[in-house]
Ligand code: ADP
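Take a look at this one chain, the form predicted alone, written out in structure tokens.
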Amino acid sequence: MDTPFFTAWFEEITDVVAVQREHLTELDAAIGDADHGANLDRGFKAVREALAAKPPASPGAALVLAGSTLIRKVGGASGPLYGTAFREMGKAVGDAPEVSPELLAEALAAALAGVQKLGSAEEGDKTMVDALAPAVRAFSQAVRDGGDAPEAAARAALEGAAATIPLTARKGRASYLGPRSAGHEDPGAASTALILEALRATGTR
């Protein structure tokens, strides 16, 4: 996976977030500030512009630029969390001109670690970690088994997001609702699943 692959991944993310903007906002309206879709839409469009304005020289540079842009452009919790995830991926990849599945597995694990450190969230807290953690495990397992790692990660993330519906939120604004947060899919987990699906879609182009 070379630099154009990662640029294409961000193009795919930007497109799918734009399409799903209202859905993400509806999810966030139930247990949050009703701005998750709008924030991510604005953020990833800014990422697209940043990558076009200053084409990165390596996959790691693309990931770091995307992460830094999200941190700078997106308010609330999603900007820092997604920004940290992509920045940590970029740092894990380093200056490598191409990223192997094994290295991408390490980068995704670094993203998860960064998100958990920043948000102090664990699986079961009803956050993006509930989609990202199983996706990271599935990706790594598929790499070891010689399977389709992006497909496995996308499926695990989607299942993880759906599994947040019955949970009571223990982190973030949704936690203020207590038991009333149950019965709603976490918007961060839903958007994480979209990002992992975009990775899968990019690999099949």
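In case it trips you up, residue 1 is the first one in the sequence shown, and so on. What you are looking at is a predicted structure, and each value in this text was computed from that prediction instead of being measured.
FYI, the form predicted together with this ligand isn't displayed, but the following is about it.
The partner is not drawn, yet in the model of the complex one stretch among 27-35, 43-51, 147-155, 62-70 has residues with heavy atoms inside 4.5 Å of this ligand: 27-35. Interface residue remark: residue 160 is not counted as part of the site for this ligand in the model of the complex, having no heavy atom within 4.5 Å. The closest heavy atom approach of residue 78 to this ligand in the model of the complex falls within 4.5 Å. For the chain shown alone, residue 108 is not a contact residue for this ligand in the model of the complex, no non-hydrogen atom being within 4.5 angstroms. This ligand in the model of the complex is not approached by residue 101, whose heavy atoms all lie more than 4.5 angstroms from it. Residues 115, 119, 121 of 101-122 are found to place at least one heavy atom within 4.5 Å of this ligand in the model of the complex.
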